[in-house]
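Single chain ahead, written as structure tokens, the form predicted alone.
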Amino acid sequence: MIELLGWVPLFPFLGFLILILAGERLSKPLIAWVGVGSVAASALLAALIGAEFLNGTMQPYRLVLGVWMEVDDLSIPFGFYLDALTVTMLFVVTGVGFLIHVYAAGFMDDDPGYARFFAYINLFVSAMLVLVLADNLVLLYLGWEGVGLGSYLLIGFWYEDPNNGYAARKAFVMTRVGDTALLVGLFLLFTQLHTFDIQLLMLRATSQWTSGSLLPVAAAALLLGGALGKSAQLPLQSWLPDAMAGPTPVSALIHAATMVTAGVYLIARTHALFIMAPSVQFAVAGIGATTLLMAGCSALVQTDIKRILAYSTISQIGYMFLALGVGAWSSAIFHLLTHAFFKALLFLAAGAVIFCFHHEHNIFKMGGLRKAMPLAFWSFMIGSAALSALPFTSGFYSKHEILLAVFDASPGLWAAGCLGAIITGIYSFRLIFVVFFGRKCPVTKARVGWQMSVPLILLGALALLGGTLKIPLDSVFPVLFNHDHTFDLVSVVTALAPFVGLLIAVLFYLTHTFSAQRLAGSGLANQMRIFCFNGWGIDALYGALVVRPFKSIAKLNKNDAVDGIYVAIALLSRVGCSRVSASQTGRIRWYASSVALGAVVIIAIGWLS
């Protein structure tokens, strides 16, 4: 079965080809069968391959697909590489991706671009699978750019609205900044280590380079730049909230199972390089801690239900970066796995609420939906409990493990992580108390179809029980931590942090013991609220430093000075041609005289010299 690994990304790619070429001529049920069925086939095959791998020796398996280049004795093959890390990512991308596809079949049923939507989303899944399966950095980069293309197409899917097109371009351009850094890093690694094969590359790096020297630091920093863009971490995080312009299933797929996890996967896959660059690895932890706090504060004051979840994603990816930065590689991937479950659940539950409110996003125009939409309510309760890391949920096991590992490395970063857990508890249950409790608001629909209900039920079960699905990664990563915090103060404080956030949310948004509006209405607090609401002014800063200067330069150069150079060259060529052509008179005597005169001049020059 494992020999069929190449078909895992091929199934959704074939679905993309069918839908993009013939989708307009197919009926909606057939479109759904192709779009959802291709990912279902991929998920089933990935499950069988994963089961065979985990029940066997768990030795890495390499499938050679072909040869990039073969010249004399130089041969550069490419293929797929399967190990415990790859299996984890396959389960996330295909499993959660399949449930999102099923949900999308119902959510997008009335959309005129039904076939185009499934074509784009299948391409997106296929590219992500190529990224995680690649055995070399060139193939990984191909999948990396394919994910970028897919995100652009999906975020701007409703392109009739100019704002959606702007959000798509913003995501594309900001992630290209990181992609450029990644590409330079690939060139650096190849020129110094003479291979793109990831496993061989890591082996040569550890044997040929000295830890902390310039080359590993530069290479790791460039790879980190690429990871920051795709995973929406400071300073390249502001594209992700605007990516909510896409349909809700797209938001769920980008935030839970695919694009934003690509940066985490890249760092984890090249962890040997980051171990050799301690300063860069510490920067990963610092960026993660800073980002999780900034994004958490922004989520506290948002009013759009999807933007709250978007900032929550940025914050949770920050926890993964924090774990990677202290060397808790397995904990980071474990949180990536559980986050996929509860974040997909939250986004799809939010989509159900939006669907029943006729695409209303403002949480303060909702309320009292606890009884009208029980499935969405319990989905949010389970998802928010896991997001906040309340005990006995999947998020508790992964986030608790991260924070204990962080304490062993840096108590200061642990304190930042605990503060982030408190903030997470506040904004998660603020959303629930505002939307599902309080004043009752009428809904246009109270029920959703089975295509939207079944994925919510299954993801709810995974969000609760997913902590038991941890795949052992000891064969991939070194074991650096052996936690012994079972009943000590650190473990207790870590476990209690989300309860503090929950209590604050109860006092402000359920019992109304304190007034959030009154607290935020004072001068300084209001300014802070606006500041956090606008994403800490990152977009305004980039607008002032990059966007407006670039537009001014473009306006001054509207006639394109560079083109002027080529116009001048063409003009000189035409003038020169006209002068030379004037000498072509067709008179033989004139030609003979010119040749004789030229010969005399050349002889004279030779004689005089």
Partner chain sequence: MNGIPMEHGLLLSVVLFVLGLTGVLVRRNLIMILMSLEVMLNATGLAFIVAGSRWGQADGQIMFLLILTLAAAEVGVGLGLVLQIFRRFHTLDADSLNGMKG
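Positions refer to the first chain, counted from 1. Here the structure is a predicted model, which is why all the values come from computation and not from measurement.
Although not depicted, the form predicted in complex with its partner chain is the subject of the following passage.
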Any non-hydrogen atom of A596 within 4.5 angstroms of its partner chain in the predicted complex: yes
Contact label in the predicted complex: R587 to its partner chain, heavy atom within 4.5 Å: yes
is_contact(S581, its partner chain) in the predicted complex, heavy atom dist at most 4.5 Å: yes
Non-hydrogen atom contact A592 with its partner chain in the predicted complex at 4.5 angstroms: yes
